[in-house]
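Here's a solo chain for you in structure tokens, the form predicted alone.
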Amino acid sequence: MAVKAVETHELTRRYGYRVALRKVSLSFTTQGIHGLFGSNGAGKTTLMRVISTLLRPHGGTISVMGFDPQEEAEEVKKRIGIVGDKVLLYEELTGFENLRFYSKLYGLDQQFFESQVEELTDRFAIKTWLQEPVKNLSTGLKKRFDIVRSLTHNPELLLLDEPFSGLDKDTTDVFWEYLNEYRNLRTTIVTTHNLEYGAALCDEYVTLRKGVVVSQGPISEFDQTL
């Protein structure tokens, strides 16, 4: 049986007395783009944080790329890239220094790192800003560098939490094209409350409502009225 990119069984996560995820059971196949839909407060970000090892569940089980994110967190971290609502960049470092810092965390070969930086910074039009401290960059440029940061180690699983929020049209178009190009080369999970946008991008979907799975399946069966 093929390994699922993500598989959960009765996954539960609470914040105090509030239940953010209530016995969530779902699976995403390897490869393709998978949507995690739902309104604000549905539990999308909480689930992404559990997948990425940033939060521990209070019940149930989860497997990420065949590993337990609680017991084998380092194995999971090596295989994922994350883009969220906050950029994971050090303001005092230049864009290039940030990329190099993260490349060392992942133990990237220098030649591979340089080729990735060359390709990705050219694609996202930030090459001329590589030596500029991040604190001097516009919000849009910071977001572009953050996207490149998440891709430099060529992750097997890309976790995108509202990735197009705050992006200008040009960057959105470039990122959309990139995701489509790599659709069958890696697994991508996208959270969004914009159902029309998600339906146009994804292959499979799961819809959450108040921490509960209310529907899931191929995008061809997605009903935006749910």
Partner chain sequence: MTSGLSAALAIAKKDIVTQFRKKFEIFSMFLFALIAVIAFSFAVVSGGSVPAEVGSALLWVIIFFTGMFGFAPIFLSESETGTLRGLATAPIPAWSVYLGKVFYGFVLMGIVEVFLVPIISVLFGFSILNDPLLAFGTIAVGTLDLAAVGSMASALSMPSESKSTVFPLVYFPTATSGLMLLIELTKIVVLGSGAVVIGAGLTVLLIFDILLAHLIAMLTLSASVFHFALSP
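The structure displayed is predicted, hence computed values, not measured ones. Residue numbers count along the first chain shown, from 1.
A second form of this protein, the form predicted in complex with the partner chain, is not displayed here; the remarks below concern that form.
Asks: Kindly indicate whether Glu74, Glu97 and Phe101 are, all three, within 4.5 angstroms of the partner chain in the predicted bound form, using heavy atoms.
Replies: Contact check passed for all of Glu74, Glu97 and Phe101.
Asks: Could you tell me which of 195-203, 25-33, 178-186, 44-52 sits within 4.5 Å of the partner chain in the predicted bound form, going by non-hydrogen atoms?
Replies: Of the stretches listed, the one contacting the partner is 44-52.
Asks: Hey, in the predicted bound form, does Val117 get a heavy atom within 4.5 angstroms of the partner chain?
Replies: Val117: no contact with the partner chain in the predicted bound form.
Asks: Looking in the predicted bound form, any heavy atom of Ile147 within 4.5 Å of the partner chain?
Replies: Looking in the predicted bound form, residue contacts with the partner chain do not include Ile147, since no heavy atom lies within 4.5 Å.
Asks: Taking the shortest heavy atom distance, is Lys78 within 4.5 Å of the partner chain in the predicted bound form?
Replies: Answer yes; at least one heavy atom of Lys78 falls within 4.5 Å of the partner chain in the predicted bound form.
Asks: Is Ile126 near the partner chain? Define near as a heavy atom within 4.5 Å, in the predicted bound form.
Replies: Outside the cut-off, so no.
Asks: Note that the partner chain is not shown here; using its position in the predicted bound form, name the residues of 67-87 with a heavy atom within 4.5 Å of it, in sequence order.
Replies: In sequence order, Gln70, Glu74, Lys77, Lys78, Ile82, Lys86, Val87 come within 4.5 Å of the partner.
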